[in-house]
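What follows is one chain in structure tokens, specifically the form predicted alone.
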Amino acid sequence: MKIFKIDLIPGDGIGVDVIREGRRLLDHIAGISGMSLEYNELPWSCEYYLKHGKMMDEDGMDKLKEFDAIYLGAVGYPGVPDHVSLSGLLLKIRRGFDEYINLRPVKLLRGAPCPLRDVPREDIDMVVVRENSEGEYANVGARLYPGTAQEVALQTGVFSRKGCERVIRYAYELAKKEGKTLTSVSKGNALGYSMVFWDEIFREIGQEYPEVRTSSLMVDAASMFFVKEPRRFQIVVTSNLFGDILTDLGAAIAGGMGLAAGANLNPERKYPSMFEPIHGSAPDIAGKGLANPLAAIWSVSQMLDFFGREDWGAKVLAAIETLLTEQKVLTPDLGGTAKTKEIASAILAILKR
């Protein structure tokens, strides 16, 4: 029997709270599905940084690469600059393990709150395929003449043909497999090198997929249509920065950040892939039982899909939808009074029905 090996990195703030509940769910599913799981919990976090001057061990990547998946809680805490915590852990893993696909579902589940008026639930149902390894987050640049009136900051986006082709091709394959439309989001009118390059590659690869209906939008127009006409979108492919921004907007129209999950995939499985809620560490409510673990539970669903257990991935997502529809056990961000652990318990009870 295949043993799925999972690295747990609870991280900071409410990451600890929600990963605990996600593991409870995984253990329950393993117990009734015949799956075999093995865990390795690691203390890497901003607290770890303040003690050791680094976000992870020097041999951290070697420790992680022996596992099938990484389950990450959240990163970020007052006293540690965000660019330090992000670069030292999350981005280091994404780049080091070539997790070049960031897959974020934007789906309005039954019972989930939506700030858009008179929008049918089925109109908000898309997957954003975000380039995850280079682009605007490549961290290439310089600071010249620091501390002087002549100081200059240079930030360079890195768009390689390989990097663009593989994420765009992944999106085309997904659209073809699921029989859905594909929208490319860029900003070629203002970014005359990187985004024009992106647009050209999108058209080139599109010639190999004549069955896929496509469209291309500027990121500002896409942001508007996410709100005004979300039904336009089924599969969306875009760059690292634009994908980051658009998926937070997507989370806002599909129930809030407490329902936002993301998968960082190495499709070739040469390295482990990483699964995470994307809501941040919220240190002000950490340890108080107020955190909503549904995003972490949704990322468990994504992990199960990745393990080839789409049956259980679908069951977990259906259980989340049942919980939201019944409106009996909800955390304060969703208008309820339930504690973090009560949400996971309610999901477990639904799965047992």
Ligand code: NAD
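Keep in mind that what you see is a predicted model, and the values were worked out from it rather than measured. One rule holds for the numbers: they count along the sequence shown, beginning at 1.
One more form of this protein should be noted, the form predicted together with the named molecule, which is absent from this view; the next part is about it.
Although the named molecule is omitted here, in the predicted complex all of Asp82, His279 and Ala282 have a heavy atom within 4.5 Å of it. Comment: the named molecule is not present in this chain, but in the predicted complex one of Gly135, Pro272, Gly258, Pro105 has a heavy atom within 4.5 Å of it, namely Gly258.
For the options Gly163, Gly111, Pro230, Gly76, the one in contact with the named molecule in the predicted complex, meaning a heavy atom within 4.5 Å, is Gly76. Residue contact check for Met195: none of its heavy atoms lie within 4.5 Å of the named molecule in the predicted complex. A residue is said to contact a partner when one of its heavy atoms sits within 4.5 Å of a partner heavy atom; Val219 fails this definition for the named molecule in the predicted complex, lying far away. Of the heavy atoms in Ile253, none are within 4.5 Å of the named molecule in the predicted complex.
Contact annotation: Glu342 falls outside 4.5 Å of the named molecule in the predicted complex, judged by heavy atom distances. Exactly one of the stretches 291 to 299, 305 to 313, 34 to 42, 52 to 60 approaches the named molecule in the predicted complex with heavy atoms within 4.5 Å, and it is 291 to 299. Taking a 4.5 Å heavy atom cutoff to the named molecule in the predicted complex, the one contacting residue in 314 to 353 is Asp333.
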